[in-house]
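A single chain comes next, written as structure tokens; it is the form predicted on its own.
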Amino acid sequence: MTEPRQISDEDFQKFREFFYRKTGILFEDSKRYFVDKRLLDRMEATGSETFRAYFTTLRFQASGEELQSLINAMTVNETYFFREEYQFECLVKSMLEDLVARRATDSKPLRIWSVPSSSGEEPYGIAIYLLEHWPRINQLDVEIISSDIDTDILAQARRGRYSPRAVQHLPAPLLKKYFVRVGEFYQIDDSLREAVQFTRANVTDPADMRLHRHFDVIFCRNLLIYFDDLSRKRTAESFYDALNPGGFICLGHSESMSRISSLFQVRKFPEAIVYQKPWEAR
């Protein structure tokens, strides 16, 4: 009779260290049940009878396919449209106006990066907010790029189909204007799908981060809370390099860049507190 698959304390520690090195995400002991359940699911899906066999595949598979599948299973993607809307208001009333005032003769596009993308509610929400509340959108070129480490959720974001819960905070006129009801779901307008570029990125991987540069605003909300202090600091330094001089970064309401890095200046706008890369920086 075959023994049931199990994750021992030693296995959990080995996996936790490995996953941290690959993603910057550190699972606390309190997440043990969550981690074990997903590891056992992947072991069953790959036909691995023991953790040792599965871990060998995870570490040495040349394609990295199983590692990506596991990352997809381990990452949390819980969000909705217009979450923490006050930062969108700050974007159109303060941050973009500040950037435009300093870049009066610069014809380069304004570039906004939303990371993590999750299923697309944030980048599409930014696009809708700009169209509805920023008159300059008809005069200036704006690019919206959105990235995530989870390739499954990126595919979902590209499809742009949402549950009633995801759109529950959208005003009814906007829901009618930008979505079509398809059965029990809401399909976002094709023009918005085409307006957002989705890419895979691991923000703790220097190679991935070198591919993402020259942004004017970064939205990175409720991601750094999953990292330890060292990973937070490294990610903040990568964001600093990814921003143009004068560029802004927006964190979640419970996060503070001041506790992570001294590279950024605190900007207190009427709508929100955000963080800015100094104009004189390179």
Partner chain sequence: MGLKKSHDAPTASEDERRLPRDLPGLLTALADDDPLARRWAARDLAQYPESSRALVERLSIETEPSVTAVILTSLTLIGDEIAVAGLTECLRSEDAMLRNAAIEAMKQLPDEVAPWMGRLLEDLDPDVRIFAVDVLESLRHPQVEDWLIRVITQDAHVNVCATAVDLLGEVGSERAKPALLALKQRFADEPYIQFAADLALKRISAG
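For the two forms, the rigid core is made up of the largest set of C-alpha atoms that agree within 1.5 Å on superposition. None of the values given here were measured: they were computed from a predicted structure. Numbering follows the first chain given and starts at 1.
The same protein also exists as the form predicted together with the partner chain; that form is not shown, yet it is the one meant from here on.
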- Heavy atom to heavy atom, is residue 203 within 4.5 Å of the partner chain in the predicted bound form? no
- With the partner left out of view, is residue 210 within 4.5 angstroms of the partner chain in the predicted bound form by any non-hydrogen atom? yes
- Task: Give a yes/no on whether residue 268 approaches the partner chain to within 4.5 Å in the predicted bound form, heavy atoms considered.
- Result: no
- Query: Do residue 222 and the partner chain share at least one heavy atom pair within 4.5 Å in the predicted bound form?
  - Reply: no
- Item | Position in contact with the partner chain when the complex is considered in the predicted bound form, options 46, 61, 256, 69, heavy atoms within 4.5 Å | 61
- Task: With the partner chain left out of view, choose which of 73, 131, 100, 175 has a non-hydrogen atom within 4.5 angstroms of it in the predicted bound form.
- Result: 131
- Pick from 114-122, 188-196, 86-94, 159-167: which stretch has non-hydrogen atoms within 4.5 Å of the partner chain in the predicted bound form? 188-196
- Could you list the residues in 232-264 that come within 4.5 Å of the partner chain in the predicted bound form, counting only heavy atoms and keeping sequence order? 233, 234, 237, 238, 240, 241, 262, 263
- Could you tell me whether the Cα atom of residue 267 shifts by at least 2 Å between the shown form and the other one after core superposition? no
- Task: Could you check whether the CA atom of residue 223 moves 2 Å or more between the shown form and the other one, using the rigid core for the fit?
- Result: no
- Does the C-alpha of residue 43 move 2 Å or more between the shown form and the other one once the rigid core is lined up? yes
- Closer or farther: the CA pair residue 63/residue 226 in the predicted bound form, versus this form, with a change of 3 Å or more? closer
- Pairwise C-alpha change, residue 21 versus residue 213, in the predicted bound form against this form - closer or farther, 3 angstroms or more: farther
